[in-house]
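Heads up, the chain below is alone and in the form predicted on its own; it's given as structure tokens.
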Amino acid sequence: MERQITCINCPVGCRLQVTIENGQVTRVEGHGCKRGETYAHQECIAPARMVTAAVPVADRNIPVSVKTRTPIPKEKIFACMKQLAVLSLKAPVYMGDVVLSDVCDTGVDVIATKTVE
């Protein structure tokens, strides 16, 4: 099977032609760097994304921005957002604090990306 994807690892946005056989990437063409080849393997076999969101902080007008520490499987993004939607934090929240552990049983924590005192 052939797939065409656009690499998102850098601003160049190389158009990649990926050949997949028996569930494995067998050929990648069109990449301008090694990152493109790595991205093609990951994207075609087990796509994953960073998730970013804003979570309310009790008694504050400003929410805290959060993100997953590492990318999570793409198919778990909506479940992750549902877990974040019901979360409410108490101040102070510091940058780097874990606000949700092991989101959607992925082993990945959601962390604060700014401080709200």
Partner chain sequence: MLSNELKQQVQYVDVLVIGAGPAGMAAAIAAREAGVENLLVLEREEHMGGILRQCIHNGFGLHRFKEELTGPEYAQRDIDKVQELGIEVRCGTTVLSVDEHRFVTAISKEKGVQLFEAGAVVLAMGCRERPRGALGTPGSRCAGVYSAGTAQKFVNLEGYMPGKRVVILGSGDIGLIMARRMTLQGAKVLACVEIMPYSGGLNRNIVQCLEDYDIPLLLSHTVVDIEGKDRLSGITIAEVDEKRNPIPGTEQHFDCDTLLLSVGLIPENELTQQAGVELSPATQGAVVDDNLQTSKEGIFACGNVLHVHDLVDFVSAESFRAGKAAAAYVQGKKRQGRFVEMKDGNGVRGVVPQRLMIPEGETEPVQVMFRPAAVYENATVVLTAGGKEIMRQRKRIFTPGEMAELTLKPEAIRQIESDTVTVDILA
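All figures in this text were calculated on a predicted structure; none of them were measured in a lab. Numbering follows the first chain given and starts at 1. Each form is matched to the other, and the largest set of C-alpha atoms that superpose within 1.5 Å is called the rigid core.
There is another form of the same protein, the form predicted together with its partner chain; it is not shown, and what comes next is about it.
Residue contact check for Arg49: one or more of its heavy atoms lie within 4.5 Å of its partner chain in the predicted bound form. The closest heavy atom approach of Thr26 to its partner chain in the predicted bound form falls outside 4.5 Å. Among heavy atoms of Pro92, none comes within 4.5 Å of its partner chain in the predicted bound form. Looking at Gly107, you'd find every heavy atom of it more than 4.5 angstroms from its partner chain in the predicted bound form. Contacts with its partner chain in the predicted bound form, taken as any heavy atom within 4.5 Å, map within 77-100 to Ile77, Phe78, Met81, Met95. After superposing the rigid core, the Cα of Arg35 is displaced by 2 Å or more between the shown form and the other one.
After superposing the rigid core, the C-alpha of Ile8 moves by 2 Å or more between the shown form and the other one.
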